[in-house]
Ligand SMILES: Nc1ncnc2c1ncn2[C@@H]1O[C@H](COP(=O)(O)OP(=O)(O)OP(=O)(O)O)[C@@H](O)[C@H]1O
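Okay, so here's just one chain, in structure tokens, the form predicted alone.
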Amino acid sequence: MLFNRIDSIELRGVTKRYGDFVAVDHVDLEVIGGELLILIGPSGSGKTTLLRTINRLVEPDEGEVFINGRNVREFDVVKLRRSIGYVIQQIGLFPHMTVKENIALLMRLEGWDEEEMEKRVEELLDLVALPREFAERYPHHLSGGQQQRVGLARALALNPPLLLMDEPFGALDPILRRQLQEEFARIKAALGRTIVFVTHDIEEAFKLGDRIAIMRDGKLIQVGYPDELVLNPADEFVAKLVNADKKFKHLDTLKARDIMIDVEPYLVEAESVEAVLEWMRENDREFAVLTKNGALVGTVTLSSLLKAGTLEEAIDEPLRLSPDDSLASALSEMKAKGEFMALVVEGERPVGVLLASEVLLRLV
């Protein structure tokens, strides 16, 4: 491991061109040790390219990158990358390897003994909220969210002081994405590591980030804490991206039915833990809305099912809303009860799901 801790990362005049296209244009950026810095911007803004200059997956045409005051070009590139955790949207698990083998890959390359690897794999499975018995499963037996957790565990295998994350939750369905954001917020607090995190989701940025760096057309437009960006945006582009007033301009005229998402992909009628687990596996879900004869029974999550002895023990009673409830009052009630999600119900029949984070995005 090249670094015991990260005191600072500094990018000075970093520029990357692909022919005539300038992907990153003379970016100066400092990452403070121990913070989670968000890189956000539209597609093609250069955020992923900039992220990859830190672990030398991309070599800049101009400029330099420093970690703890040393130019990354001074380090052996293999040792550098093993000292930096890297998580991507596509996950990249090896299908012919078990979960344990995927997580332990770098440990094995570093010469750890079997007992050390076994202990570390168990620690990491606990950290990312996966049952230890999953260690012997193969990736195709896991849901998308479970695979993403394994990818995170693998990135943390050698306990790196720096973690790079490139839209890790971007391909997941809205409910699962929100669940993983909640879990990652917990993991972030437990790790105390320096993290650079790429996203296109401003609500994800505000939820997870200590500071946010906004990019457009390869240039760094503004860096700041969330309240700084809202109160003092550098230009109209930043103001449009972060200004909550614009998002809520028509909130008082909207009802829950106007913004709810379709509940159909999450509906299941089943009477046993095993049956719901099989449905989740077949449909790549970690959340389900249980019904009986069309009437709402409750909601369950994959983690609650895995811990419960019976289906009844796993069922949670969700916050219920009417389709005609004011969206403003619905969000107020969700906030008061600490709920990120509510079910929209007509009589006893679930007709939609209201996610606080999705409301914010869809009102832009």
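Start at 1 with the first residue shown and count on from there. Just so we're clear, the structure is a prediction, and the values are computed from it rather than from any experiment.
What comes next is about the form predicted together with this ligand, which does not appear here.
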Note to self: Against this ligand in the predicted bound form, would Arg211 count as a contact residue? Criterion: heavy atoms within 4.5 Å.
What the structure shows: no
Item checked: Contact label in the predicted bound form: Asp201 to this ligand, heavy atom within 4.5 Å -> no
Note to self: My question is simply whether Thr299 lines the interface with this ligand in the predicted bound form - judged by any non-hydrogen atom within 4.5 Å.
What the structure shows: no
Note to self: Against this ligand in the predicted bound form, would Pro60 count as a contact residue? Criterion: heavy atoms within 4.5 Å.
What the structure shows: no
Next item on the list: Counting only non-hydrogen atoms, choose the one of 38 to 46, 64 to 72, 317 to 325, 291 to 299 that falls within 4.5 Å of this ligand in the predicted bound form.
Entry: 38 to 46
Next item on the list: Verify the flagged residues Tyr18, Ala23 and Glu167 against this ligand in the predicted bound form: is each one within 4.5 Å by a non-hydrogen atom?
Entry: yes
